[in-house]
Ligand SMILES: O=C/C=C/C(C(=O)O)=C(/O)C(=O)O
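Take a look at this one chain, the form predicted on its own, written out in structure tokens.
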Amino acid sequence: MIQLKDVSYVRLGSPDLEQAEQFATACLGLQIAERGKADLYLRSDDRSHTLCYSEGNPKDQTVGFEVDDEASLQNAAATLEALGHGVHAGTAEEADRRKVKAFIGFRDPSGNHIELVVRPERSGRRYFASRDAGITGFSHVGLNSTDPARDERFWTQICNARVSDRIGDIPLMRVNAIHHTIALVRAPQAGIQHINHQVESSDDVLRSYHFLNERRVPIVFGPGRHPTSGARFLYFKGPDGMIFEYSVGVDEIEDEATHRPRQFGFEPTSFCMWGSKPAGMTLPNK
């Protein structure tokens, strides 16, 4: 069993780093940590970075998860290779670009590019937002899945993900106490479905709703409240069509031994108990 500790970073290809920087700082509210030759590193908490835009194809999308140590990384590589997943052992130069001690890369059953990392760097400097969005940290990702049931087995049986709740066939899975770190959303191809940052209060969610509306950033879902995690949320579209989310108040699973995943129907009220409906997702009209 591969023991994931937490989500570490997201890497996104972008043909226009200037546009990506403008959005990430002026709209999303991240802090520039470093500009490389072809990389833009952005902070959202005490980590050295949690989002990196790299010059390239926007279809190049990677999610990094932290594991305990290099022995755990080697065991993970052996496990994945035994199951037929091609594993790339990161070079020292590649690890340096990710600001980690070591990493491996592979693709999950849907083809999502996943990296497992050891010792991601922290920053001795306080995160200081480029705008006051109230961000407290990078929290979770939604991943596209061509077969959610198959991919749920991969993440729960090979990795240590546990299902907190399901909406239809969408599993919301945790790797620590937070209600979910990974959500698998049915889609025809691999990719990152959304990127979540936690904010400090419901006021921050509503302030950003008006702030982003004024700047004509497309709002695609919310403001609303998830009946699964209890979080108040706002989803909006960034460069290259990537969806970002602010949320606050996500539940934690207090008792691992007794928690039983709840099953919600695939209908609008399962996504938002306030009545908001996600744009671009076909749901029954209930």
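Being a predicted model, the structure only gives us computed values, none of them experimental. When you see a residue number, it is the position in the sequence shown, counting from 1.
The same protein also has a form predicted together with the named molecule, omitted here; what follows describes it.
Trainee: When the named molecule is placed as it is in the model of the complex, which of 47-55, 230-238, 65-73, 26-34 ends up with heavy atoms within 4.5 Å of it?
Mentor: Going by heavy atoms within 4.5 Å, the stretch is 230-238.
Trainee: Could you spot which one of Leu212, Ala102, Ile135, Ile167 gets a heavy atom to within 4.5 Å of the named molecule in the model of the complex?
Mentor: For this set of options, the contacting one is Ile167.
Trainee: May I ask you to choose, among Ala183, Leu80, Val199, Val175, the residue with a heavy atom within 4.5 Å of the named molecule in the model of the complex?
Mentor: If I apply the 4.5 Å criterion carefully, the residue I get is Ala183.
Trainee: I'd like to check something about Arg98: if you look in the model of the complex, is any of its heavy atoms closer than or equal to 4.5 Å to a heavy atom of the named molecule?
Mentor: The answer is no: Arg98 has no heavy atom within 4.5 Å of the named molecule.
Trainee: In the model of the complex, does Tyr9 have a heavy atom within 4.5 Å of the named molecule?
Mentor: No, no contact at 4.5 Å.
Trainee: Would you classify His226 as touching the named molecule in the model of the complex, given a 4.5 Å non-hydrogen atom cut-off?
Mentor: Heavy-atom contact with the named molecule at 4.5 Å: present for His226.
Trainee: Does every residue of Glu21, Arg43 and Tyr127 put a non-hydrogen atom within 4.5 angstroms of the named molecule in the model of the complex?
Mentor: Looking in the model of the complex, the three residues Glu21, Arg43 and Tyr127 all stay beyond 4.5 Å of the named molecule (heavy atoms).
Trainee: Could you pull out the residues of 67-103 that have any heavy atom within 4.5 Å of the named molecule in the model of the complex?
Mentor: Counting only heavy atoms within 4.5 Å of the named molecule in the model of the complex, no residue of 67-103 makes contact.
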